[in-house]
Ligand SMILES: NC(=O)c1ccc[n+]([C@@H]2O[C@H](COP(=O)([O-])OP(=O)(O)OC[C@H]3O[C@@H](n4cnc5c(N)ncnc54)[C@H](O)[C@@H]3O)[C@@H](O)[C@H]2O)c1
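Have a look below at one chain only, the form predicted on its own, in structure tokens format.
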């Protein structure tokens, strides 16, 4: 296992993550995949989630077991808690070099059947937490004169999927928030970008894809002829979070097998 980890670090060494302090928000699905890849690249991580079971699974993951990975349980639906998470992480890591925001939720239903509490819950977790976490991290990174932020958006920020009203609104808002933060902080050495995956197979999408005919229906929309895999996404996250992308900021990178071309 140690030999495999060293091989992985050798392959990603050019990205310069060795010893860098990284905060990953979200331990499920693509957040966990990003955390594993960053750990294998030699970064020092704090991973945050409200679900302790997800954090426990990540701690036991072979990619993280021998790496410098700590976890923090937190409910990110308040400004105060988001500030605490960033402050605590920066103190424990001795600074904050990278932020990856990969937390979010959806509730598929028509707009006319969407109650206020569902709208507010989705917007708070998907968009407000991105603002609160980014604001706190941005202050630290600007003071340090460097930093990289990568947010998880979605093709739903561009496409008008049915039954995605609050989710699409949150991701569209996120795209604009990313661009504004990038514009405001570029001169301070801080980059802010987003990855926007198409439908990707993770444990979080397994139940939806298991519905009769759903996998075939979703796959038929993708010119590449297949759904995404976590490894299709994490490479872009690693690049955008790295010093190699220091002149890339304010971009939303669609990782969708051509879905947004249709």
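Just so it is clear, the model here is predicted, and its values are computed rather than measured. Positions refer to the first chain, counted from 1.
There is also a form predicted together with the named molecule; it is not shown, and the following applies to it.
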Proximity to the named molecule in the predicted bound form, single hit among 50, 222, 67, 234 (heavy atom within 4.5 Å): 50
In the predicted bound form, the residue from 90, 118, 177, 74 that sits within 4.5 Å of the named molecule by heavy atoms: 74
Residue 185 within 4.5 Å of the named molecule in the predicted bound form, heavy atoms: no
Distance check, residue 28 to the named molecule in the predicted bound form, heavy atom within 4.5 Å: yes
Heavy atom of residue 169 within 4.5 Å of the named molecule in the predicted bound form: no
Touches the named molecule in the predicted bound form: residue 54 (any heavy atom, 4.5 Å): yes
Triplet 102, 153 and 197 all within 4.5 Å of the named molecule in the predicted bound form via a heavy atom: yes
Contact segment among 177 to 185, 103 to 111, 158 to 166, 131 to 139, judged by heavy atoms lying within 4.5 Å of the named molecule in the predicted bound form: 103 to 111
